[in-house]
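One chain is shown next in structure tokens, namely the form predicted alone.
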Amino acid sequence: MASYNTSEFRKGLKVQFDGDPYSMIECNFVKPGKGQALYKCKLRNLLRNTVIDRTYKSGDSIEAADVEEIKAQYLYHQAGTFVFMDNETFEQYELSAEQVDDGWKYLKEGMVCDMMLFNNNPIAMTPPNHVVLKVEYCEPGVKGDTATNVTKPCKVETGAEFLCPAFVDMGDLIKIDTRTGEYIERAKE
């Protein structure tokens, strides 16, 4: 199996410990006055989402994880399982509600997402950074509430609710940032 030397350490590196895949979220080079250089790293477990700290001496190596990122199209949701399809191989992958996490709020049928595979098994998915969703229900705006940043909850076609400005009406298309869950703007068709 491949491995990385300390000189190759960088943020975003996918490595493996005890059979679990980890992503390097932070790596700091420390050169004490005496002795060997050290690499202080923070690693996030890609299966359990926990974070661990590890320190490596200069010249150490770490095992590379068999992690692959693919583009997968969201097909449908059924009984707590989300089904995706690789557009190149047409292979279907299933993710549990825990693996999808808050990503369900942005999923529309046919949407292409980034999917992470570990040993050819899906472990996580990431929706596009911005999605356009149709407002299914919201309270009507109150006349005169335009002077301040008044927001109201708007339920969208996926079943999720987002805070939007008071001028947003039912049937509007809104653009949402999936990284923060915040309203960006009204969108055109």
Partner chain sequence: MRGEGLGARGEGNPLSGFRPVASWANLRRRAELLRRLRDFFHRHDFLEVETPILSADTVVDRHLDPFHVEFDNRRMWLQTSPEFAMKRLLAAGAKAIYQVTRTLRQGEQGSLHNPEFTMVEWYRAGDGMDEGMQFTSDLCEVMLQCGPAERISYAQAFQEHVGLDPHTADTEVLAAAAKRLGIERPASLSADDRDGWLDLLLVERVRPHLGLKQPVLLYDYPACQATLSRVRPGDPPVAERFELFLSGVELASGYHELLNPAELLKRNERANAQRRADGKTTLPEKSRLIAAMQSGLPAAVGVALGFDRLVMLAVGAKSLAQVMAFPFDRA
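Residue numbers count along the first chain shown, from 1. Everything numeric in this text was worked out from a predicted model, so none of it was measured.
Keep in mind the form predicted together with its partner chain is missing from the figure; the text below concerns it.
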Quiz item: Using 4.5 Å between non-hydrogen atoms, is P140 touching its partner chain in the model of the complex?
Solution: no
Exercise. Using the partner position in the model of the complex, report whether K11 sits within 4.5 Å of its partner chain, counting heavy atoms only.
Key: yes
Practice problem: May I ask you to check whether N28 falls inside a 4.5 Å heavy atom distance of its partner chain in the model of the complex? | Solution: yes
Quiz item: Do K57 and its partner chain come within 4.5 Å of each other in the model of the complex, heavy atoms counted?
Solution: yes
Quiz item: in the model of the complex, which of 66-74, 46-54, 123-131, 149-157 comes within 4.5 Å of its partner chain (heavy atoms)?
Solution: 46-54
Quiz prompt | Any residue of 26-45 that, in the model of the complex, places a heavy atom within 4.5 Å of its partner chain | solution = C27, N28, F29, V30, K31, P32, G33, K34, G35, Q36, L38, Y39, K40
